[in-house]
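One chain comes next, on its own, written as structure tokens: the form predicted alone.
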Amino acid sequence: MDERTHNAQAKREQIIEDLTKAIVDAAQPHIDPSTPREEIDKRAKEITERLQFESNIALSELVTRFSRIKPATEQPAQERTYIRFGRNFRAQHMLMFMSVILLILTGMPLKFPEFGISKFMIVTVFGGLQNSTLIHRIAAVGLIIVGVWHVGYIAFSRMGRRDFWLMIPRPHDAKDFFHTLMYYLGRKPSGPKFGRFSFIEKFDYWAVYWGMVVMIGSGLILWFKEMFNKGLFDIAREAHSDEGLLATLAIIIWHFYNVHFNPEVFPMSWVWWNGKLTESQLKHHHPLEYAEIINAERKEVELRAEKQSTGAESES
């Protein structure tokens, strides 16, 4: 780090420190006098960390956008987009949601046969119980294919292995959950910053994993019931029915809200189709991942500039 860069960094840190102090001083007349000083200092530290994070992002953005040596992915004419999910993963998701929707439409009427809508679905839409059962089993095969496909994707795809590793729950996910809860209750000034996957997405992912194991396992027992004793068949029937209802409610209440009905993405998040997030979307929903990408690009620009400078000096 040259002297100019070092001085600029020291100046930036001093500005952040002064700004934090100014914010705390401005808030002081409105703070309850009985508030412990330690609590105010804790909040001041959080403000400093937020300012440092945002200033680092701003620095990296300036370097990558306006450097004479731009990264190959730079698109100055329009807002940049980032590939979040590749074609392989998107194809898995499409086959899965088509299979699951058919499974719900043909399965739930059997769980609640007394409802008028159940009779309408079975008789009018699918043309009778025999056709409905056939469609249910075809969709079940689609779900089995997705399960095997995804395991292969994890095993043989570098992106699949990376994402699977990042999907494993860690202690910070529990902290993010309680941080989010405190934010919704007004006890935190802002929500947590997420990386590539938030605890919400991890819950979604592992709920699907668990559901597929239960639904495919119990479904195969029901499909080939002559190969199993009655006790195991009865357990599988109850597990299949109850897990099916749980999965349906989770999809409609939890997943559909997050990817369709949430005001931020309504009528839907199109990432399932094109696999892309805009720069503003990535920065808003996954700021830590965005910071990693921008910082990596900044280092790339600085490294290329250093090589170019070294090459020019050697030629002279």
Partner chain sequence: MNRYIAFVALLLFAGSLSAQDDACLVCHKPSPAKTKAQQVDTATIVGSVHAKLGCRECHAVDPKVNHKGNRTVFCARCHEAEAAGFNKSPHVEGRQASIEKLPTCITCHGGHDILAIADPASRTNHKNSVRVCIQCHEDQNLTEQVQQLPTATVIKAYENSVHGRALLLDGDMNAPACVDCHGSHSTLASDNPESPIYKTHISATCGRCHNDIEAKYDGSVHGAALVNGVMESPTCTSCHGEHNIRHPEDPDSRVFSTNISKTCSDCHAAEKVVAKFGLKADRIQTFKESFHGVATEFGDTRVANCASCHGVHDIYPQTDSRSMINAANIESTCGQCHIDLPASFASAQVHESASEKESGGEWYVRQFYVWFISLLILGFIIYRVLEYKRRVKRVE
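Numbering follows the first chain given and starts at 1. Because the structure is predicted, anything quoted here is derived from the model rather than measured.
The form predicted in complex with the partner chain is left out here; the points below concern that form.
Novice: Have a look at Leu110, Met96, Ile135, Ile144 for me and say which one sits with a heavy atom within 4.5 Å of the partner chain in the predicted complex.
Specialist: Comparing distances to the partner chain in the predicted complex, the residue within 4.5 Å is Leu110.
Novice: Have a look at Ile83, Ile168, Val123, Ile101 for me and say which one sits with a heavy atom within 4.5 Å of the partner chain in the predicted complex.
Specialist: Answer to the contact question: Val123.
Novice: 86-94, 145-153, 159-167, 125-133: which one contacts the partner chain in the predicted complex at 4.5 Å, heavy atom to heavy atom?
Specialist: Selected range: 125-133.
Novice: Can we say Lys230, Ala250 and Tyr257 each have a non-hydrogen atom within 4.5 Å of the partner chain in the predicted complex?
Specialist: Yes, because Lys230, Ala250 and Tyr257 each have a heavy atom that approaches the partner chain to within 4.5 Å in the predicted complex.
Novice: Flag Val208 as yes or no: does it have a non-hydrogen atom within 4.5 angstroms of any non-hydrogen atom of the partner chain in the predicted complex?
Specialist: Although the partner chain is absent here, Val208 would stay clear of it in the predicted complex, with no heavy atoms inside 4.5 Å.
Novice: Just checking whether Ser55 would be counted as a contact of the partner chain in the predicted complex - the rule being heavy atoms within 4.5 angstroms.
Specialist: The answer is no: Ser55 has no heavy atom within 4.5 Å of the partner chain.
Novice: Might Arg50 be said to contact the partner chain in the predicted complex, defining contact as any heavy atom within 4.5 Å?
Specialist: Residue-level check for Arg50: yes, a contact with the partner chain.
Novice: Contact between Pro33 and the partner chain in the predicted complex at 4.5 Å, heavy atoms?
Specialist: Judged by the heavy-atom cut-off of 4.5 Å, Pro33 is well away from the partner chain in the predicted complex.
Novice: Can you name the residues of 239-271 that have a non-hydrogen atom within 4.5 angstroms of the partner chain in the predicted complex?
Specialist: Those in contact are Ala239, Asp242, Glu243, Leu245, Leu246, Leu249, Ala250, Ile253, Trp254, Tyr257, Asn258, Asn262, Pro263, Glu264.
Novice: Once you account for a change of 3 Å or more, let me know if Arg187 and Ile57 sit closer or farther in the predicted complex, using their C-alpha atoms.
Specialist: Closer, not farther.
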